[in-house]
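Read the single chain below, which is given as structure tokens and is the form predicted on its own.
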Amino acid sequence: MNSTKNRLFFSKEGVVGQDQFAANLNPLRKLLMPASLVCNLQQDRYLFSLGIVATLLNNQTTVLPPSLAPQAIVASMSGARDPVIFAAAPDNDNIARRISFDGTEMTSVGHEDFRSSLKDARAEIRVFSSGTTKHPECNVKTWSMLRGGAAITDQILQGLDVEPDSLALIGTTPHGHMFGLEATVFAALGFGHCVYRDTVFYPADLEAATKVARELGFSKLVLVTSPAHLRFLESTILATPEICCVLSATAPLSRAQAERIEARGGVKVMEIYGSTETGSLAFRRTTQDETWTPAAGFRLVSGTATGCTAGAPHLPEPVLLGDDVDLRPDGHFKLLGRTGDIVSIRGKRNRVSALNAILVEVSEISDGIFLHSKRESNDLLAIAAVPALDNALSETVIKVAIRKHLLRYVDPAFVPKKILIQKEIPRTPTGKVRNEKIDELAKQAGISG
């Protein structure tokens, strides 16, 4: 599936191949060499990737903070003797010395296979968890670990009936977070897939990226995204025949939404399951599979005292999963939901994740989550919902529509009376909602404490 032309990144400026990548590496390595630690904040995926490879070849530590908030950047570099920030913008110049690089400086070198040079690299890439359930935790990665996680993206792309040189990836997921790092950076660095350099957020961004891809000869596109973003971009995807595959991760994807997208024809909707600790470890086609297929090399083991563990040759040790899993004899598994997200009301049980999956299909809202407060006897539930764009319906009508929809699919015990109508639900760049935000909404709904 790898391109014979070694095309790694593209933008309206054109395509960057492995030769240019190699020519840019030496000047950047010299710039970064004095630093003990490099905090990589580049928003351009090409420059970000150059920074990753340069620091690995220099045997330096790379830090990818959990967010761009100044306090998160400071905390991620804590204890470093002489850290530098690798970034184009001067936003954090008061935190540490900044090094910028625009990719114009090159050295005359021949074709360099940096992948072979990095095969046994032990330099650390510190990736932080999203911190949705607790404070962000540092996870130490290496070249082989991140390439191993990106192998699942390569495996899915290999399964598409597409000519290699006609295929490119466009990502909406931040590349400083685990899924985006593997699927839109290490898919290029480790496997040679061509990736769009620039940020895609709004539908207009996706339209612009598609236009550039078309002009550069890429007739088939894979969109790397999350469920929260996917709903926002759905109409654009339906109007973009070049998109032949959607890769979604970071949260469960609604089967109904996947079916709507695939009904367009010529497109597959695939989900990837993983975590910051494990990287990407399993996949499924949302419209066809309830169970997940572990990626090549992964093995899940259940029956331990604390839950299910996942191991793979590229992981230094098995990792305990944060989800309850029903592991089948053939190695496939079904996700039962996050450990501890069980709702119990009047002797009936459900999961917050399952309730959220039903809630987001309400056509009158653009976003929504269940709020859950555990009790010794009956748990308490409420809902926070955001009206659909250009929705002129009253709050009362929206609340009635939410309850009516829920009653079609769940027991009345799990249809709360308290529904908060919000302007927005504060999500992380990967589409998750931090626990402290959920707690704030639960207090507004009067179910906390």
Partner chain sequence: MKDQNSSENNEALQIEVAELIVDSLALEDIKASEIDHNASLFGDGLSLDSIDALEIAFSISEKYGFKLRSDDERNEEIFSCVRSLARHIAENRVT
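Just so you know, these numbers come straight off a predicted model, no measurement behind them. Positions refer to the first chain, counted from 1.
Same protein, other form: the form predicted together with the partner chain, not shown, and the subject of what follows.
Novice: If you check in the model of the complex, is L407 within 4.5 Å of the partner chain, heavy atoms only?
Specialist: Yes, L407 sits close enough to the partner chain in the model of the complex that at least one of its heavy atoms falls within 4.5 Å.
Novice: Answer yes if any heavy atom of K220 is within 4.5 Å of a heavy atom of the partner chain in the model of the complex; otherwise answer no.
Specialist: Looking in the model of the complex, residue contacts with the partner chain do not include K220, since no heavy atom lies within 4.5 Å.
Novice: According to a 4.5 angstroms non-hydrogen atom cut-off, is A208 in contact with the partner chain in the model of the complex?
Specialist: Heavy-atom contact with the partner chain at 4.5 Å: present for A208.
Novice: Would A204 count as a contact of the partner chain in the model of the complex, using a 4.5 angstroms cut-off between non-hydrogen atoms?
Specialist: Yes - in the model of the complex, heavy atoms of A204 and the partner chain come within 4.5 Å of each other.
Novice: With the partner chain left out of view, which of R122, R375, R346, H135 would have a heavy atom within 4.5 Å of it in the model of the complex?
Specialist: Answer to the contact question: R346.
Novice: Pick from F232, F114, F333, F101: which residue has any heavy atom within 4.5 angstroms of the partner chain in the model of the complex?
Specialist: Exactly one listed residue reaches within 4.5 Å, namely F232.
Novice: Choose one stretch from 30-38, 56-64, 411-419, 386-394: the one whose residues place a heavy atom within 4.5 angstroms of the partner chain in the model of the complex.
Specialist: Flagged stretch: 411-419.
Novice: Decide if the three candidate residues R97, I342 and R351 all line the partner chain in the model of the complex, where lining means a heavy atom within 4.5 Å.
Specialist: No residue of the spot touches the partner chain in the model of the complex.
Novice: Might you say whether the CA atoms of L407 and R255 end up closer or farther apart in the model of the complex than in this form? Their distance differs by 3 Å or more.
Specialist: It is farther: the C-alpha separation of L407 and R255 rises by at least 3 Å in the model of the complex.
Novice: Is the CA-CA spacing of G322 and G347 tighter or wider in the model of the complex than here, given a 3 Å or more change?
Specialist: Relative to this form, closer in the model of the complex.
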